[in-house]
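In what follows, one protein chain appears twice in different forms, each by itself as C-alpha cells: structure 1 and structure 2.
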Structure 1
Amino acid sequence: MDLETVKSKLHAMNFRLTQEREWVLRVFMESGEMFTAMQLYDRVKEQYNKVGLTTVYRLFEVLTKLRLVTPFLIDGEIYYTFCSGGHHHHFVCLDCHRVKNIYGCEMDTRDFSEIGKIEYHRMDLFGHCENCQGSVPSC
C-alpha cells in the first residue's frame, strides 16, 4: 500500500494529517521495520526535530484502528509493524524482531456459522528466524 492510499484512509476517518504526522508515517512506512513508539520517535527525530512522542503514539493508535498497523507484545514492550493490506498472518522473531508475513489461511474456508459471524481473525507465530537460530542456546 502506498503513502497516498494510507493518507486517504486517514482523511476518511477525519484524522488530521499534520506535517509532523506525515513525517512519522513516511519514516515508518519507508523503513520496513518493526518499532516501539520510542524507537520510531528516535528515528524520526534524526531527520525532523519538531516531532513529539505523543504524535507517534497517536498515529499508531489510528493506524491500528484501521488495521494498517499490527501491534505485538514482546518482552513487555509493544512493537508495531506496518501491514500493507491483504489478509495474512505473522511470524515474529523473538531475537531480531523481524516480521515475516504468512499468506494463505485455512480459516477462510471454515464455516463458523454455528458460533457467530466472524469479522476478522489474527494469528501470530513467535520463534527464532533462520538467521537467529544459531544464537539461541539449546535446552
Structure 2
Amino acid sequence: MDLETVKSKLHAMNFRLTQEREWVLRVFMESGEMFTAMQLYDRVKEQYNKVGLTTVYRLFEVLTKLRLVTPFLIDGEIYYTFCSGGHHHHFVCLDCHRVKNIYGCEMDTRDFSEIGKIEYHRMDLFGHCENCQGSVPSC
C-alpha cells in the first residue's frame, strides 16, 4: 500500500492529512521495520524534522483503529508494524526486529463456531532471520 492510499483512508474517516503525519507515515512505511513510539520519533527527527512524540502516539492510535498497524509486545515493549493489503501473518526477527509477511492462512478454512464468534485472528512467528543467524545481529 502506498502513502496516497493511506491518505485517502485517513481522509475517509475524517482525519486530516497534516504535514507532520505525512513525515511520520513516510518514514514508517518506507522502512519495513517495527518501531516503538520513541524509536519512530527519533527516526523521523533524523530524516525530516522534529515532530512531537505525542503526534507519533496519536498516529499509531489512529492507524491501529484503521487496522493499518499491528502492535507487538516484545520483551515488555510495544512495537508497531505497518500492515496492509490482504490477510497475512508475520515473522518477527528477535534480533533485528524486522518483519516479514507470510501469506497463505490455513485458519480461514477451519470452523471455530463452537468456540465463539471470531472477529479476527493473528499469527506471529518469532525467530532469527537470515541476516541474524550468526552470533551477532547483522542488521
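Whichever C-alpha set is largest while still superposing within 1.5 Å between the two forms counts as the rigid core. All residue numbers here follow the sequence of structure 1, with the first residue given the number 1. Nothing here was measured: the structure is a model prediction, and the numbers come from that model.
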item: Answer for which single form is the form predicted together with the DNA; value: 2
item: Core-aligned C-alpha movement of Phe112 between the two structures reaching 2 Å; value: yes
item: Is_shifted Lys9 between the two structures (CA, 2 Å cut-off, rigid core); value: no
item: Did Gln47 shift 2 Å or more between the two structures, C-alpha, core superposed; value: yes
item: His128 CA shift between the two structures in angstrom, with the core used for superposition; value: 2.7
